[in-house]
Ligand code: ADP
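Here we start with a single chain on its own, the form predicted on its own, put down as structure tokens.
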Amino acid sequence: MNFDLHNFIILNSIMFITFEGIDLSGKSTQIRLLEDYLKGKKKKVVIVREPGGTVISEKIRDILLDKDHELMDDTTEFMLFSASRRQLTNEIIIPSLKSRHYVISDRYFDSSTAYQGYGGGLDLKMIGAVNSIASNGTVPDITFLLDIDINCWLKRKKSLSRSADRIESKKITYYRKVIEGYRNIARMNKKRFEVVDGSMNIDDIHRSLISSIHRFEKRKSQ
């Protein structure tokens, strides 16, 4: 990227950043751009993803995304995600934060609330309780929701050059619930969430994220 914000200083109060949104919302692209930006500021950065990120968690990921496991019910799915998250948090996220690395995660516990809660219809209080255990009480400093509507999702899905995994293959009605779920989560967690229009130009989204981090940093420093 050929731009920067004048006098932008990261104060190291925001260390744990998560990206949320339905599949194909552009999270991976924005995570890569933010990683490059932070490294350009000489920051130590660790990138993780859910499910995955450790040897155990990656094996769980294979089970979760395998289309041969179409009979998996939502509670089983949630428990597997939670097991993967617990291992990732304790093995990678917490130690990295303690050593003053920026940790950027492609999904975290909000995904379970949106997907298995709003999408799958599981009890939200139960999900919240298990999320707390799975995350070992570790809450992101800032969460970016890349928000796209169902039409944008369908358009991007048609352009896929690979076959959809088990979760990407779920019905449109499921994804409608997940989208609305994410929006509800963001509304209930305004101090942590920043909602960004995921249909915007890639560079514009990146600028918006950097500006948001700046605002969050200034707020926390006051």
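Heads up: residue numbers just count along the shown sequence, starting at 1. Small disclaimer: the values here were computed from a predicted structure and weren't measured.
This protein has a second form, the form predicted in complex with this ligand, left out of what is shown; the following refers to that one.
- A residue is said to contact a partner when one of its heavy atoms sits within 4.5 Å of a partner heavy atom; K27 meets this definition for this ligand in the predicted bound form.
- Mapping the unseen interface onto this chain, L209 falls outside it, with no heavy atom inside 4.5 Å of this ligand in the predicted bound form.
- In the predicted bound form, this ligand lies farther than 4.5 Å from every heavy atom of K177.
- I172 falls outside the set of residues with a heavy atom inside 4.5 Å of this ligand in the predicted bound form.
- Applying a 4.5 Å heavy atom cutoff to this ligand in the predicted bound form picks out G198, M200, N201, I202, I205 from 195-215, in order along the sequence.
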